[in-house]
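Take a look at this single chain in C-alpha cells; it is the form predicted on its own.
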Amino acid sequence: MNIITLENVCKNYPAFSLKNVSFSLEKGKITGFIGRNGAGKTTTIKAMLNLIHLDGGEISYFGLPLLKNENEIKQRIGYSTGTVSWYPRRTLHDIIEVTKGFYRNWNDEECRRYMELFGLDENKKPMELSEGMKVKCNLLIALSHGSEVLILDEPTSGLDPFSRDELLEVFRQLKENGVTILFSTHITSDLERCADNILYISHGEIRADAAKSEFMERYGKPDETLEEIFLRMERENKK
C-alpha cells in the first residue's frame, strides 16, 4: 500500500528546477533518499510538507490530496532535519509543553521514553546543547505524536557513531510497527544498514527508484558499496 505519492512535481527557480518528480512510498518501508548537495532532496521534502508553492504536479498522503487536507495530514506525519531552530533560552520542557498542544495524539509516555533513550535533560536549553543533542531533540518532537510517516532530512547529521546506531535501531522498530520513513542522508552506510528502498535524485530529476537489493544489482558493479555506486553514478551524470 502506498502511503505517499508524488506525481510530476515541478518547482522552478532561477538556477534550479525540480523536473516532473514522481515516486511513491510504501507503508512500513524505509526509503533512503540520496543525491549530492543541490540535487533537489530538500526542495522535494519542502514540497512534501507544502512549504513551497509548486509550479505543477500533485502530492497525496493516505489517498488524500495534500493541498485540501494539510491540517489532517500533518497530524499524522512527523518531520525532522539535522538543523534545529528552537527558542535558544527556553528549556526543552517548555518547548515540548508548547509544541504538544498542536498535536491531538501527543503521547507523554512516548516522549519520556525517547527523552531517556536519547539522553536528553528537559531542564537544558537548546543553547546549552551540542549539535548532536539538538538533532535528538528535533527527533523527539517528531516521534512523540504517533506519526504514521516520518520525513527525515539528514537526521543523523552531527551524531556520533553510537548515537547513530541507536537511532537506526529506533527506525527499524518503527518500521516493524508500520511506520513509513523517508530518510535523506549523505551517510550511505546508514542506508546500507536500514533502508528497504533507494530513491536517487540528480539535477532535479529522479534517476533511480528501486528496492535496495535491486538498486545494488542494477546499478552496481561487483563488490561496490552503495557509496561507491552513488559516486560513480554522479560522475556519469556529469558527462
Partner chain sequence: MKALMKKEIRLSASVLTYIFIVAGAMTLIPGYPVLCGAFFVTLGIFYSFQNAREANDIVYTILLPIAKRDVVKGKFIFSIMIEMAGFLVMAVLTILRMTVFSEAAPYRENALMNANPFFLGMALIIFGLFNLVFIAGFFKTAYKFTPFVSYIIATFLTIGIAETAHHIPNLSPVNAFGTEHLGLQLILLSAGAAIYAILTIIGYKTSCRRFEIIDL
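Positions refer to the first chain, counted from 1. Treat the numbers as computed from the prediction; the structure is a model and nothing was measured.
Form predicted in complex with its partner chain: not shown, discussed below.
Only one listed stretch (211 to 219, 21 to 29, 226 to 234, 7 to 15) carries heavy atoms within 4.5 Å of its partner chain in the model of the complex, and that stretch is 7 to 15. Its partner chain in the model of the complex comes within 4.5 Å of no heavy atom belonging to Leu159. At least one heavy atom of Val98 is located within 4.5 Å of its partner chain in the model of the complex. The closest heavy atom approach of His53 to its partner chain in the model of the complex falls within 4.5 Å. At a distance threshold of 4.5 angstroms between non-hydrogen atoms, Leu49 is in contact with its partner chain in the model of the complex. Site annotation in the model of the complex: the residue of Glu169, Asp94, Asp121, Glu131 reaching within 4.5 Å of its partner chain with a heavy atom is Asp94. Within 4.5 angstroms of its partner chain in the model of the complex, the stretch 159 to 192 places no non-hydrogen atom at all.
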